[in-house]
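Consider the single chain below, provided in structure tokens and representing the form predicted alone.
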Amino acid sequence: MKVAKFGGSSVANAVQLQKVGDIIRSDADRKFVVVSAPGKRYSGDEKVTDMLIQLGDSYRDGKDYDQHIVKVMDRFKEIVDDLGLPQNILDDIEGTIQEVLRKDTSIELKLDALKAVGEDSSAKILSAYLQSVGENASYINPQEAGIIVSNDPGNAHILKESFSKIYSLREKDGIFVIPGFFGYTKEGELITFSRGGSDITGAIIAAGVKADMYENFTDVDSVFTVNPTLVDNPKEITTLTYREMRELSYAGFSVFHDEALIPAFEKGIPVCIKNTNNPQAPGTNIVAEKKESDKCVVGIASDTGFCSIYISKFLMNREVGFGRKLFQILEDEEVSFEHAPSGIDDMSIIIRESLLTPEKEKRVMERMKKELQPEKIDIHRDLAMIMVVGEGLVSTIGIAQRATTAISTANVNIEMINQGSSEVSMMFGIESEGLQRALQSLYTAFFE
């Protein structure tokens, strides 16, 4: 039994949905299908989820939102018409949008419900298309499927009692199409996962039904050793461990949501990343364990948009409670941190710049100066993080030396290093302008 998840590019238009239908019909083991909202049809196009967010923002701000409803419905009408499906599907989709807008509930829940319309509509359209070509297919709402989540709008987490409910789906016949990205609280409120959460839904369903395989269909043949938009023709990765994939996803690999592997990992379900446009390609397999290799580095991930807060205080290491007071300030301002490399008198806190608004930055810096009494404190913006990832990395001699030499060869200065906090990765912080040079040099050092 397989669970197949199809991303936004796979359901962007009627042509792509027909490919999805062919893939499902080619393997009787693909009984459970999870879908995203329609993505971009071409470069410069809009994702349906972004359209729905614009709709929600206009509603919240008291602006005219009818134009956004028209845009969303035009997109779905094109798909429905091109597939030759009945028009009542469009009436159902628009009715769902209007029902959400009329419902007497908080603005947070209303915005979550609007965002979920994309995935919900994709599932209804795909199930109707499969029925039109003779398949015994059904749309299943996440509430009916048993996806019970925490009451945390925009950042839901699955509750353990969900899995026994999901397992009962095995007893039913046919193909089941389930919208990704959202679930329901025990009180029946619709709550979404974080952005990209359809991957999470796919893994939850795979874990719940105890699938033999979780297939994640996207628009690339496999995971690459480095971002192909930054390095030309990088090598493909055939096999990864869960830990390696999670580190790569967290650090900028957009193929997989970085939280998505957790349910599959906990149940030991193998994952395969495949291409909707080339389903015969073997893809990348993600497994619990793999054979050791002399070439332990499997990938190099990167991401931009970071800043660091640098704090220096003499004998910081002897001051009991210094770290607690520092992180309490961040917690009070609802700012999460990514890394925290430290020395005896110095500490750097790596934060995503998007979390540190000018207002929050001012409050955080003022409180740190007042409550921590540092000798020096400043903020460094426009940083990029590079993660060198691989099982056995910390126990392999010379990896750090090869990495630092490669970065220096690219004439890029290393602002910070964090090694040892993870057994499968080491992190380098650099100025964003040198990212492409550093990645090319690292790729050459480890893969060519």
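Between two forms, the rigid core is the largest collection of C-alphas that superpose within 1.5 Å. A residue's number is simply how far along the shown sequence it sits, counting from 1. Small disclaimer: the values here were computed from a predicted structure and weren't measured.
Here the subject shifts to the form predicted in complex with another copy of the chain, a form of this protein not shown in this document.
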Against another copy of the chain in the predicted bound form, would N317 count as a contact residue? Criterion: heavy atoms within 4.5 Å.
yes
Under a 4.5 Å heavy atom criterion, is Y167 part of the interface with another copy of the chain in the predicted bound form?
no
E247, heavy atom within 4.5 angstroms of another copy of the chain in the predicted bound form
yes
Just to confirm, G321 within 4.5 Å of another copy of the chain in the predicted bound form by heavy atoms?
yes
Another copy of the chain in the predicted bound form reached by all of E259, G343 and N413, non-hydrogen atom within 4.5 Å:
yes
Options 365-373, 326-334, 233-241, 96-104; stretch whose heavy atom lies within 4.5 Å of another copy of the chain in the predicted bound form:
326-334
Answer option from D50, D45, D382, E423, heavy atom within 4.5 Å of another copy of the chain in the predicted bound form
E423
Looking in the predicted bound form, the residues of 398-418 with a heavy atom no more than 4.5 Å from another copy of the chain, listed in order, are G398, A400, Q401, T404, T405, S408, N411, V412, N413, I414, E415, M416, I417, N418
So with the core overlaid, does the Cα of I69 end up 2 Å or more away between this form and the one not shown?
no
Spell out whether the Cα of I107 moves at least 2 Å between this form and the one not shown when the two forms are superposed on their rigid core.
no
Residue shift check between this form and the one not shown, rigid core fit, A400 Cα at least 2 Å:
yes
